[in-house]
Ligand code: 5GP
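A single chain, nothing else alongside it, follows as structure tokens in the form predicted alone.
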């Protein structure tokens, strides 16, 4: 036997081992995304149905259910018994009846956002910390000047490169108290248990009166206040492509210390759980693409 004949099988085994490791890592990442609500369980089931050989398709039904929020081993087993699905099944190997009953169960327990028919010229862009809301908003400001981008007031200090009046109105606590007392804020909130943020009301009212579309880039608390004050507003939730990517972005930007990063990630977990309160979900995998999707919604709102 030649050296080549002896080497090829070893190379093949090494390559197969690497692929197996990559597959396990991909499934582990997918489980985190399901747990953190970065991806909906319905979307995972649809991908598994479309491609049984995909990462989603290769996931066992038992692992899939355990990755869902508030589903433990006991609940998982009861669900499988109720739906009459074998615990050895993989998502990509479910039969038509099994897929149907599983999807019905998912829709009942984890309802997806339902876009409303009526649209508003007041758009609200929110999402978890470090998802890139500001970057997407800045792209829209630069490429779509017809959209009025609201500038928030905040009591936090500016980050490197931020300009007062462009990125935020940087104010002290006394001025922020005055804005609240004089009812000059459409919404305001304490974010990450530290700084206060708020949206000045007058520029928004003026822009809407002039027939413009207004985009607010705010946090979850603010979005809820806007929905309460302006029920017709269109709420858009920006998602990261994965939980791992969200963590990478937060660590990579280097603007917070370790304690602050941990606090923001805890907050992000809670924010992701609120995405069903929004009318539209947009994944920020590419800034230009995400910005385009927001602009498309603004075009629809203006009709």
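Numbering follows the first chain given and starts at 1. Rigid core: the largest C-alpha set superposing within 1.5 Å between the two forms. What you see is a predicted model; the values in this text were computed from it and never measured.
One more form of this protein should be noted, the form predicted in complex with guanosine-5'-monophosphate, which is absent from this view; the next part is about it.
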| query | finding |
| --- | --- |
| Full three-residue contact with guanosine-5'-monophosphate in the predicted complex, heavy atom 4.5 Å, for 33, 40 and 66 | no |
| guanosine-5'-monophosphate: the contacting residue among 138, 208, 189, 80 in the predicted complex [heavy atom, 4.5 Å] | 189 |
| Contacting member of 143, 100, 159, 178, with respect to guanosine-5'-monophosphate in the predicted complex [4.5 Å, heavy atom] | 159 |
| 4.5 Å heavy atom contact, residue 152 to guanosine-5'-monophosphate in the predicted complex | yes |
| Interface membership of residue 92, guanosine-5'-monophosphate in the predicted complex, 4.5 Å heavy atom rule | no |
| Interface membership of residue 133, guanosine-5'-monophosphate in the predicted complex, 4.5 Å heavy atom rule | yes |
| Non-hydrogen atom contact residue 215 with guanosine-5'-monophosphate in the predicted complex at 4.5 angstroms | no |
| Segment that reaches guanosine-5'-monophosphate in the predicted complex - one of 228-236, 195-203, 71-79, 92-100, heavy atoms within 4.5 Å | 195-203 |
| Within 262-298, the residues that have a heavy atom no more than 4.5 Å from guanosine-5'-monophosphate in the predicted complex | none |
| Core-superposed C-alpha of residue 226 shifting 2 Å or more between the shown form and the other one | no |
| Displaced residue check between the shown form and the other one: residue 179, CA, 2 Å or over, core reference | yes |
